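Next comes just one chain, in C-alpha cells: the form predicted alone.
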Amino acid sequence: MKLISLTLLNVTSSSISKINTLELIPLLTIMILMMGAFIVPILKNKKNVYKISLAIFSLVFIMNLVNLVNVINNGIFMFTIGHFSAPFGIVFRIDYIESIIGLLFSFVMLMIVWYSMYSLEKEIKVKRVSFFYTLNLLLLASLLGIIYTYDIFNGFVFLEVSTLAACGIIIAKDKKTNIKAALKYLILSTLGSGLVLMGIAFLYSITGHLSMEFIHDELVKSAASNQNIILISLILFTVGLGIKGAMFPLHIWLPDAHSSAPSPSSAILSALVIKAPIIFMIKIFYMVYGKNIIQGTVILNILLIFGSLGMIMGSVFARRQKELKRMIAYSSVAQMGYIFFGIGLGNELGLLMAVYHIIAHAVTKSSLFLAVGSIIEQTGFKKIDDIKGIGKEMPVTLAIFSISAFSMIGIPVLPGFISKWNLSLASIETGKLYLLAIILLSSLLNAAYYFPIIINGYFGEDNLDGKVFRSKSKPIKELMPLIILSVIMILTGFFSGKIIELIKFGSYF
C-alpha cells in the first residue's frame, strides 16, 4: 500500500493541475475556519455565537474525516494553491499523518468547544465569549495550516498565527495571573520564533528554496560541503520548536499558562497547541533534511536526552504540586518528553510511537483538563487536598479522570500503555537497555501523583464522611463531550494496531 501511495504521490506531483474535488478539502477547512473568525465577532446574539461556532467546527471535523477516507482510498496528494507550482507557489502535501492529525485536531477542538458551551461563562465575562470562539477558529485554522503545508516559511507564518491566538485564549479570563502567563508565553515563544526564522534563513542561504521538497534535493547534493550550516540550522529548529512544544527544560512558560487559563483553553493548549510544532519538527527533520542527514548529526541524541529528562523531571515537578490543574500541566511536560524520546531514538518504531503518542496524549489530556475543570467549577476547590471524597459527589467525572489517569500511568490496553510498551521495544531495538529504566521510573512517578487523587476521591471513611452521592454532579448532557473523548481514548488503545499501521503508511518512514 505504501508503494501504491508513493506512486500516487509521483503521479499527483507531475499532474498537479488535475484537481480532484476532494483534494480541495484541506484548503477549504482552513478557509471556512478563517471566514468563521470574521463572522462570529459581528454576531450580537450569544446563542448564535455558540450555534455558528459549533456548526463550523462540526463541518470542519466531517470534512477532515472525508479527507482521511480519501487519502486511505486514493493515496497521498499534493495541492497547489494559485497558479504557480512549487518552488514558487504555495503547496499543501496531504499524507497519512497529516490526514490523521488534521482529523484529530478538528475532533478534539469540536469536543472542547461543545463542552465550553456549558461552562465558559462561569470562567470568563459574557462579552468575551465571541472573542474566545473567534480566536479558537483562527487557532484551528493555523494549526491545520502547520500540519498541511509543504513550505517551511508558510509553516512559520501559521506557527506565529497560532501563537498569537493561543495567547488570546489564555488572557480571555482577564485576570492578572492570566495576562502575566500569556506575556511569559509570548516572550518565550517569540524567542522560539526568532530561532526558527534563523534556521529557515540558513537553509535558504545554501539552497535558495523554501519548499521542503526542493530544499531536501539541494541538501542531499551539498550535505558534505555544508555540514556546519546544516548542524546549526538543525539546532535552531530544535530549540525554537522545542520552546513552542514544551520540551524540557524549555517548558517554563507551560505550567503558568496551562494552569491559569480557562479550562477549555487549558485543554486546547495541552492537547493541540504544543503538538503542532512537534509535527512541524518531524516534517522538517524527515522531509527537509531527510533520514540520512539527521542520523549523521547529534540532534537525535540531544532530543533523546531532553526527552528522558522531561519524562522524569516533569513527573517530579507534578508530584510536588498542590493545585490540581498545575499538576496536570506539569504532567504534560512529562508526556511531551515521551514524544521527544520517541523521535530521539532515531528508529522507525520510535518515530511511529512519537506520532501515536501525540494522538494518545491529545485525547487523554483534553479529557483530563475538562474533568478537572468540571471539579473546580462544581466545588470551587483548586487544591488536591480539598477534593478528597469527590468520587461520591461527582462519580462520573472522577471516573473519566481516573480512566485518563490510568492511560497516563500506562495501565494495559489504554493508549498510554501502548506508547510505553512500544517505546520500550524501540529502546531495546537500539541496544540502549538503560532507557527501559527511564520509562519504568517515569511510569512509577506518574502513578505516584495520579493514584492518590483517585484513591482519596473514592475511598476512605474520613474522605467520604458528610459527602452526598452525586450532589455536585453535572448533567449528563454537559458531560457528554468528556464521555465521548474517554470512549475515543479507550478505542485509541484497543485499535492501536490499526492506527499504528495507518501512521506507518506515511512517507516519513
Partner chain sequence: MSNLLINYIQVGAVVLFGIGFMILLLNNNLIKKIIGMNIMDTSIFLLFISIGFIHGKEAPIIVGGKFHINGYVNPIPTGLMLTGIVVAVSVTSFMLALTIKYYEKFGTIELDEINAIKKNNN
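Bear in mind the structure is a predicted one, so any value in this text is a computation, not a measurement. Numbering follows the first chain given and starts at 1.
The same protein also exists as the form predicted together with its partner chain; that form is not shown, yet it is the one meant from here on.
Practice prompt. Verify the flagged residues 395, 399 and 444 against its partner chain in the predicted bound form: is each one within 4.5 Å by a non-hydrogen atom?
Written response: No.
Practice prompt. May I ask you to state whether residue 348 is within 4.5 Å of its partner chain in the predicted bound form, using heavy atom distances?
Written response: No, residue 348 sits far enough from its partner chain in the predicted bound form that none of its heavy atoms falls within 4.5 Å.
Fill in: Exercise: residue 323 in contact with its partner chain in the predicted bound form, heavy atom 4.5 Å
Outside the cut-off, so no.
Worksheet item: How about residue 157: is it within 4.5 Å of its partner chain in the predicted bound form, going by heavy atoms?
Response: Residue 157 belongs to the contact set for its partner chain.
Item to complete: Mark residue 190 yes when one of its heavy atoms lies within 4.5 Å of a heavy atom of its partner chain in the predicted bound form, and no otherwise.
Response: Heavy-atom contact with its partner chain at 4.5 Å: present for residue 190.
Practice prompt. Only one of 174, 429, 121, 385 comes within 4.5 Å of its partner chain in the predicted bound form by heavy atoms, so just point that one out.
Written response: It is 174 that has a heavy atom within 4.5 Å of the partner.
Worksheet item: Only one of 204, 421, 214, 286 has a non-hydrogen atom within 4.5 angstroms of its partner chain in the predicted bound form; which is it?
Response: Checking each option against its partner chain in the predicted bound form, the one that comes within 4.5 Å is 204.
Item to complete: With its partner chain left out here, work out from 195 to 203, 138 to 146, 112 to 120, 435 to 443 which stretch has heavy atoms within 4.5 Å of it in the predicted bound form.
Response: Of the options, only 195 to 203 has residues within 4.5 Å of the partner.
Worksheet entry | Sequence-ordered residues of 405 to 438 touching its partner chain in the predicted bound form, heavy atom within 4.5 Å | The stretch does not touch the partner at all.
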